[in-house]
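This document opens with one chain alone, in structure tokens, the form predicted on its own.
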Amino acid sequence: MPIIAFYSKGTSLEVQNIWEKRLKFYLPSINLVPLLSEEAKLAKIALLWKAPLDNLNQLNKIKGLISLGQGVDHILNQNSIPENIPVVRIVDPYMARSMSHWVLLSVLNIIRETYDYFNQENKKIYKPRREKDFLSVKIGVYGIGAIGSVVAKDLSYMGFDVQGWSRTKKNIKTIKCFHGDKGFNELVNNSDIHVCLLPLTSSTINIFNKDTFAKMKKGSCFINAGRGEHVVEDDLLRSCKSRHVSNAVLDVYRIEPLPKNHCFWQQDNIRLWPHVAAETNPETAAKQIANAIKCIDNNIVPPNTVNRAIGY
């Protein structure tokens, strides 16, 4: 079994050891080594999250790369990985359900005015607020793939009017599905709550900008658990300051960790989370990663190999 190079930005050696322990259940002879170590020069496969790709390119035995998350933009965005090296992403039902929980929480906090009730509590104000009619709220989910489709269906099950958008045509029961530029504008113009779960590709960078926010209904809510680069942050800030966007709930940012001097911290209607909406769980993801490792080692194309042309 090959040596596996490991790198997960912002984590410790303990995290590497957790992954090794879980993977050894399926591949007993596996050996994870830090990407930046001398041993990594012998690695045929790398498990990565936001790794320094310059170091990776120095490993001339590499046969395949596996992302430790659903997204692969952190690998593809530098265009330095040879086409003959497969890049594999995680598609984990646990992650999809975890993301769904976070989106449901964010939507319900807006619908039930949780933040306003917290403010009243702090001021010892005992006063009911006017209840919103959730049946009249339209929720647009941008990105209805492996994760977004689960989120959209769960929102629909909760009784919300849900519509979804994807780059190409999809059919999902109980969800109004749109695609292409016309479909994107349909969601932007008609949704009350906008949920971004898109993959980051050349066509989705800065997709939420001043023009997009201006097309949204006044008082719309914007929720982002896709990627920070989907949003022009200054444009979102202006829309929140003017209250054209009444609330924004963000889990991802262009710079992470979010700098302490970032303007979002001071904006009262922007709610900030530290990129925790759907974290990769070694307990549930190890089996498919182990399978991908075996496939790559045996020169077989693994499931969930990324299509470089579309970026996911």
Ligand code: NAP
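The first residue of the sequence shown is number 1, and the count goes up from there. This is a predicted model, so every value here is computed, not measured.
Beyond what is shown, the protein has a form predicted in complex with the named molecule; the following relates to that form.
Chemist: Looking at 258-266, 63-71, 241-249, 32-40, which stretch has residues with any non-hydrogen atom within 4.5 Å of the named molecule in the model of the complex?
Modeler: That would be 63-71.
Chemist: Looking in the model of the complex, is the named molecule within 4.5 Å of a heavy atom from each of M95, R227 and H275?
Modeler: All of them do, each having a heavy atom within 4.5 Å of the partner.
Chemist: At 4.5 Å between heavy atoms, is T168 in contact with the named molecule in the model of the complex?
Modeler: Looking in the model of the complex, residue contacts with the named molecule include T168, since a heavy atom lies within 4.5 Å.
Chemist: Heavy atom to heavy atom, is G145 within 4.5 Å of the named molecule in the model of the complex?
Modeler: G145 belongs to the contact set for the named molecule.
Chemist: Indicate whether the named molecule has at least one heavy atom within 4.5 Å of a heavy atom of G140 in the model of the complex.
Modeler: Answer no; every heavy atom of G140 is more than 4.5 Å from the named molecule in the model of the complex.
Chemist: Does A152 make contact with the named molecule in the model of the complex, using a 4.5 Å heavy atom cut-off?
Modeler: No - in the model of the complex, heavy atoms of A152 and the named molecule never come within 4.5 Å of each other.
Chemist: Go through N119, N185, T174, S203 and name the one with a heavy atom inside 4.5 Å of the named molecule in the model of the complex.
Modeler: The residue in contact is S203.
Chemist: With the named molecule left out of view, which of M99, I75, V162, V107 would have a heavy atom within 4.5 Å of it in the model of the complex?
Modeler: Partner contact (heavy atom, 4.5 Å) among the options: M99.
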